[in-house]
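The data below hold one chain only, encoded as structure tokens and taken in the form predicted alone.
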Amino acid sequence: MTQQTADQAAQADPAQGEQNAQALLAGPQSIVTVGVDLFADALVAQSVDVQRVDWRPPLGGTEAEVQKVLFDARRAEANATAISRVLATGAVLVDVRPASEALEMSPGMFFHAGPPITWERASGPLRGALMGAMLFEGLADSPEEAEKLLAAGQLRDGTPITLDSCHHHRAVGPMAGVISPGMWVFEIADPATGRSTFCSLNEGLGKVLRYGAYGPEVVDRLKWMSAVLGPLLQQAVQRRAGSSAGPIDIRSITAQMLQMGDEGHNRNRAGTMMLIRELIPELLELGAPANDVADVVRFCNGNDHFYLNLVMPACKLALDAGRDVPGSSLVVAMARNGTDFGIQVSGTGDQWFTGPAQIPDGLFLGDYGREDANPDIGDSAITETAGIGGFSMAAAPAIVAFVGGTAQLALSTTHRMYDITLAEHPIMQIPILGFRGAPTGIDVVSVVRTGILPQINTGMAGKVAGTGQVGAGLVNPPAECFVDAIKALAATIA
């Protein structure tokens, strides 16, 4: 008997109604509760079967905007179009080139990770990386001079110094993400459309430019990368691309590495090994000095993060395909500059929605602690935006040894990310979930409605310029990014 029929019986015959009510209370019961757990816990204590519904109001008081976007007649088709373009994008390694050529950069131009920012608001690691880039380019003789020129906004000869977001130039960069004209970059292309994206070469871990270090060892390494590593990789990559085997398929390697224990952001060991396996035959047949070839192989193979700088532009390439679809609530970029965390959404063009970058929770190197860490920084969250990295932690339980947490956390995180995404990737699959596709395509509406924020695993840079890496951990974007985005999306609806 249902509660409704019991109530009707009580109105017709009070005595019968009382008996029915007692029978209802004595029989099996299941009660649905919404909101705080106090009432539900009290019922459970009385052996009542409770079905808990995890509901909460939309973030930031956006009920009206959520409703407006949900009932936008364009939304379903727009999201289907945007995410289908993302999932269909291929990614092959076609070249390695100097940034001056690939990105049309000239002296005094510097690209950086995250939304646009000025020197005055730049974080310690971003300032350190820019100072190191000035030294590497020969535009300053000391860190002090580099800092002075950057603060003044011009080179010695009066040439203006310009800072801009990597994302504005079809590029991405990990951590500080600084790219200067003399650095070399990978070029990743979509075979179907010919579109391409770029990323710097990975330096390794510890005291490196992208973590804000700028000492002599950092500059010397960058000079070797431009004089030896870049040119040899260029020859090997071009040789491979022009062979019968064709260019190296980055999307295929990334899919394989998810099945080998990598997640594509902070764990790229299998991806790096597969890449080097493809490059070694080409390097050996170049006729280059044996010691240079050995140094290149040793450097790449000894840096488990080397493949990250190929995953990132491949992810950007895919997400750029989903841009500029009117009515779409797909997130096409998440990026941090060490001060601001910013997102971009397909249906709102190139507009950035920003909030304060957060300090990750995780594991620290040596004697470093939370007080030494800078807020979240880097373009590498493009991996999570594309469904790997923190979204695919279930594929790489060993990642918790690097960023903290437990294997169960890695599994539950991936399960949670399905609640805020539009699709499951047909190529990027997670073995422990029965080869279920990775949760792909962050939906602004779902984030705001559920309050579930995207999970990112990341490295941590020291907040003082010149420090380098201090740890690695887990972090979420600030909620206001998504609140502002859905308001802007609602404003596009007539």
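Note that the coordinates shown come from a computational prediction; the quantities given were computed from them, not determined experimentally. Numbers for residues come from their place in the sequence shown, where the first is 1.
FYI, the form predicted together with another copy of the chain isn't displayed, but the following is about it.
Residue 156 falls outside the set of residues with a heavy atom inside 4.5 Å of another copy of the chain in the model of the complex. Using a 4.5 angstroms limit between non-hydrogen atoms, residue 432 touches another copy of the chain in the model of the complex. In the model of the complex, residue 147 stays away from another copy of the chain, with no heavy atom inside 4.5 Å. Mapping the unseen interface onto this chain, residue 419 falls outside it, with no heavy atom inside 4.5 Å of another copy of the chain in the model of the complex. Proximity to another copy of the chain in the model of the complex, defined as a heavy atom within 4.5 Å, singles out one entry of 256, 84, 351, 193, which is 256. Out of the listed residues 245, 411, 288, 359, 411 is the one that sits within 4.5 Å of another copy of the chain in the model of the complex by at least one heavy atom. Heavy atoms within 4.5 Å of another copy of the chain in the model of the complex are found in exactly one of 296 to 304, 173 to 181, 334 to 342, 119 to 127, that being 296 to 304. Each of 260, 280 and 398 is positioned with at least one heavy atom within 4.5 Å of another copy of the chain in the model of the complex. In the model of the complex, 259, 260, 261, 267, 269, 270, 273, 274, 277 are the residues of 258 to 279 with at least one heavy atom within 4.5 Å of another copy of the chain, listed from first to last.
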